[in-house]
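Heads up, the chain shows up twice below as C-alpha cells, two forms, tagged structure 1 and structure 2.
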Structure 1
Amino acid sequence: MPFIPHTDAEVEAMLAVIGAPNIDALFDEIPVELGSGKLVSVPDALNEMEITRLMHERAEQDSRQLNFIGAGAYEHHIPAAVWQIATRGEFYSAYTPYQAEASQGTLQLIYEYQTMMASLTGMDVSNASLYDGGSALAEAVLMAVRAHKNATRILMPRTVSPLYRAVVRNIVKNQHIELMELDYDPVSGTTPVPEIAVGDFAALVIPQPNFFGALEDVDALTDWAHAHGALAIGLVNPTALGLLKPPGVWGERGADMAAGDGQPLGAPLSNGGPYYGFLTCKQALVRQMPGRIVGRTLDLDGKPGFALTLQAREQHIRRSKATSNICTNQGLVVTASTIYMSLLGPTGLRRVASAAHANILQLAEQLCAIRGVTRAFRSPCFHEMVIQLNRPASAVLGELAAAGILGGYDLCADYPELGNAMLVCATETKTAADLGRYAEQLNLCMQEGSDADI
C-alpha cells in the first residue's frame, strides 16, 4: 500500500479545526516522564532511490544457509500458488469482518479455515486464529481456569517450549493462576504420568510432539487428567497431525482443547513472523473460547451466507465480560494456511509429515555414527531430536554456521542438565545430499575441535 504523509500545512489546518496548538497537545494525558524523548538513533531521511539501494545491499548480506533449526518455527516447502493467491487484492487488503453483509468473502475463508482446523485437531469448534502459538496456549489455559471455576493451577510439563512457557507465565501471572511444572523422564525425554497426588488443578498441558521432538504418551496423560477432574490441553504441531492421531481422540474422551502455532501450514520463516496461533475445543467449551467464530447459514431467500456467530471479545461491547483482549486474528497468514491446506489436502499433508519423519530418522543414523555424538533420548520422535556432544554446543554451532549450515538450537541455557545438547530438525525440504553434507561437516567439527576444547 502507498504511504502518503500529511504536509506541514495540512497538519496545521487540521490542528486549527480542532483547536489544538500542536500534535503533542493531543497526548497531554501521558505523563512527561513516560515519553521516549528525542530519537537520537534514527538516521537521516533518504530518498526512494537511496533507500532502495540500501535495502538491496542489506539483502545481499544474507546468505542461503542449510537450515536444521526447528524449535517451534519450521522450514517447509510452500507451493508458489499459496502466496500468489493470498496476496491478491481481495485477500491482501481485506480486514476484520465487522459488517457481515459486506464481508462475505472474508467470512467464508475464515469458515473454511475453522472447518479445516477443527477436522485436523479432531475438535468441534475452531476460532478465527490468535496472535501466535504461545498466546494461543495462554488462552487455552485461561479457558480451562474459567471452565473449571474451582482450581487455578495448571500442570505445565518442562517438555513444553521454554518460549511458550514464558509467554503463558507473563499472561497469567497477575491473574492468580499458578503454573506447576512437571519434569521429564531423563531416558525417554517425555512426561511420565504423575504417581503422586498434585492437588486440585484445572488442566494438564500435553505437547505432541514435545519440544524435544519426542512423542508423549498422550492417551495415558489425557485419561489421567480427566480422572482427576481436570481438562486436557493438547499443544500440537499441525503438520505432525498428518500422521499422528488428533487430540480429539486422545484417551477415552479426547482432549478438551488443542492449541499451537500455524506457521508450518504455509507461512515462511521470514525473520520470525508474522505467524499465528490456532485454538480449537469441544462444543462444551465454546462459550469460553476467545475471538471470533464464523457460521454458515441461509438467508430469507434460502441462499447460503456466512455470519459471525460468537464474538466473545472486548471490541463487541463486552468489556469486562470479554474472554480476551489479545485475540488478534492474523487474517492474511490464515488465508495462506487455508490455501496451503486446500492445495495439499489430507494426502498431501500426510506425505509432507512422512517425508520429514523419514529424514530425521536418516539424519539420526548418520549423526550418531560420529564419534562424540549421541542421541539424548530413546523415545520415538517426529521430525526433531536432541543430540549430545562431547564439545560445547555453541562452539560446534558456530563452526557449522561458518560452513553455511545452521546446525540446530542450543539447549544449554534452557536445559543445562542435558550438557552440551542441541535440538536438530529435518523437514521434507532436506535431500539425501543435505543430510550427508550436515553429517560430514559435523564430523569435521567434532574431530578437529575436540582437542582444543578439552
Structure 2
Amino acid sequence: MPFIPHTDAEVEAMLAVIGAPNIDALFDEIPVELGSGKLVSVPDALNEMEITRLMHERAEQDSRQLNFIGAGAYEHHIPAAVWQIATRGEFYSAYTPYQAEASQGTLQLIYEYQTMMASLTGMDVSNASLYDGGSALAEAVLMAVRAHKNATRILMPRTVSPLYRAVVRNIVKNQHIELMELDYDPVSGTTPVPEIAVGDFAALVIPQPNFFGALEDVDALTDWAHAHGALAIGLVNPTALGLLKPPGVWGERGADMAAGDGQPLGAPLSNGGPYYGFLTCKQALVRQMPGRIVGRTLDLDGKPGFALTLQAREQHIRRSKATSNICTNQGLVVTASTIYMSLLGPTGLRRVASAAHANILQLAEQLCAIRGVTRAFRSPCFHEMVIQLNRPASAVLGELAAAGILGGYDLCADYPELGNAMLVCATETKTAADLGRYAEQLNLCMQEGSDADI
C-alpha cells in the first residue's frame, strides 16, 4: 500500500505481540451499527508516474497570461533560493516548535522574521504570523476592542478591500462589534478625516496604499483617531513599506498596530494561497496579541536560544478565555518570506517598490492616452490605479483575456458608483514591452469594441 512499509510477516508478528487475530479485531470497540465506512466515490490509486502525468496536464490547462491584476495578491519575482530552502525537509516536514531544543531552526527563523516585520512596519513587536491579510485584519479588530475596553465600534473605510471587509464582518459577526463604514472622497479616492461626530469607537482602520492603490493621508487619520481616544490600525502592503512611511511613525504618536498580507514578500500567487497575515503592534499591546510569539532566552548553560513565549494568551492554556482560537501560523510561507526579505535587504525592497511604482506611472500615461480611458482618482498611487472606461469593464476584460492579457480587477460589483471601472496593477515584473503590449491591446479593444457596442 502507498506509504505503508509493513510486510505481511511484520503484520503477523505485530498482531502476535498485541494478541489480536487480525487487524479487524483492533476495531472491536467501534459499534458495528455504525457501518463499514466503505468508500464509494474515491477513485483507484494512481502511482507517482500516473499522478505526475495527470497534474502536469492540469497545470498546463492553467496557462500563464500577462497579468495586471493585483487587488491584494501581487506578482513579484521570487528568488530561486527562497522555495528551494523553504521546502527542505527539515523546514517542510517539521511540526510546530513546541519542543524548543529540537526546533531551534524554525524558532530562530521566526525571531528573525518578527524582527524584520516589526522594523518594516515601524512597530515594537510582531507575532509569528496569522492566516492571511483579511483574517489578520479581523484579529487586529478583535485585539483593538480587547485593548480599548470601553468601545466596540470599528471605523472601516470603504477604501479597505471589499474582500477584507467581508472577512472581518464574517469573523467578528457574533461578538457584538459594530463595523461602521466611512466613505471616500470621489475626487481623490482616499478617506477624508471625518468632520462629523461619530461617537466612541475602538479603532480606525487606515489602509496604505488603499484598495484603489491610492495613498491615504495617514498622518491626519492617525492623529484624528488618537484625538478621539481610539487606536489606529495600519493596513499595509509590505512591499510598499520599502518606499512608504511605516505605520509606527504615522502622525504624532504612530499607529498602534499594523496588519496586512505577507504574500508580496516571496509567496507565489498560487490560486490565492497559502499566503500569510502579519500583525505587529506597540509594546503596550503585546499581551492582547493573538497567535504564536517567539522569544529569545538562555539555556541551562547560559547560551542564547529561542522558545515560544507568552503562551498563557493562547487557546491550549487559556481555552475559552484565549485571545483567539488560532493555533497555527503560516510557518512555511513565513520561512520563505524571511529568506525573501534577507535576499532583498533594505535596498532590494526599496528598488522593487520603486520599480513597481515607476511602472504604474508609465502604464497610466499610456492607458490614459487611449480614447475612452481615464484615471478615476487624482491621488498619487503606489503600484495600482483605477481606470474608468466608456465600455463595460467585464467586456473589455474578456477581450483582453482572449488576447492573453489579464487586464485588471473589475470594480463594478463592489463600487457600482464608479461606473465601468477596473483596478490595474503593474509590479517590477513588467517590462516596457509588456506595458506597451497592454496599451496596444486595450487601444484595440476600445476602438473595435466601441463600434461593436454600438
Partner chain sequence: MLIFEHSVPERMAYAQMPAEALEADDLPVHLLRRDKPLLPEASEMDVVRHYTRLSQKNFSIDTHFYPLGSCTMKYNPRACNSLAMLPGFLNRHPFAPVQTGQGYLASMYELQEILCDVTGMAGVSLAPMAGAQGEFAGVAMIRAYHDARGDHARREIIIPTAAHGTNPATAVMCGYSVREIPTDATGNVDLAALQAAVGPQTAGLMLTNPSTLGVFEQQIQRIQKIVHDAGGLLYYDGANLNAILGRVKPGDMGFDVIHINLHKTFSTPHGGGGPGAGPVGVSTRLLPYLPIPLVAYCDGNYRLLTEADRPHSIGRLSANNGNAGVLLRAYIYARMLGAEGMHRVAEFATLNANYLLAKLRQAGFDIAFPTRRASHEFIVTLKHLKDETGVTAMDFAKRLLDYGYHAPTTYFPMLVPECLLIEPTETESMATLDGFVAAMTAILAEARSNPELVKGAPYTQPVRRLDDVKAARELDLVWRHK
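Bear in mind that the values here come from a model prediction, so they are computed numbers and not experimental data. For the two forms, the rigid core is made up of the largest set of C-alpha atoms that agree within 1.5 Å on superposition. Residue numbering: sequential along structure 1, first residue numbered 1.
The form predicted alone appears here as structure 1.
Relative to the superposed core, Ala401 shifts its CA atom by less than 2 Å between structure 1 and structure 2. Thr431: CA moves less than 2 Å between structure 1 and structure 2 after rigid-core fitting. Core-superposed comparison between structure 1 and structure 2: CA of Val40 displaced by 2 Å or more. For Arg53, the displacement of the CA atom between structure 1 and structure 2, after superposition on the rigid core, amounts to 2.8 Å.
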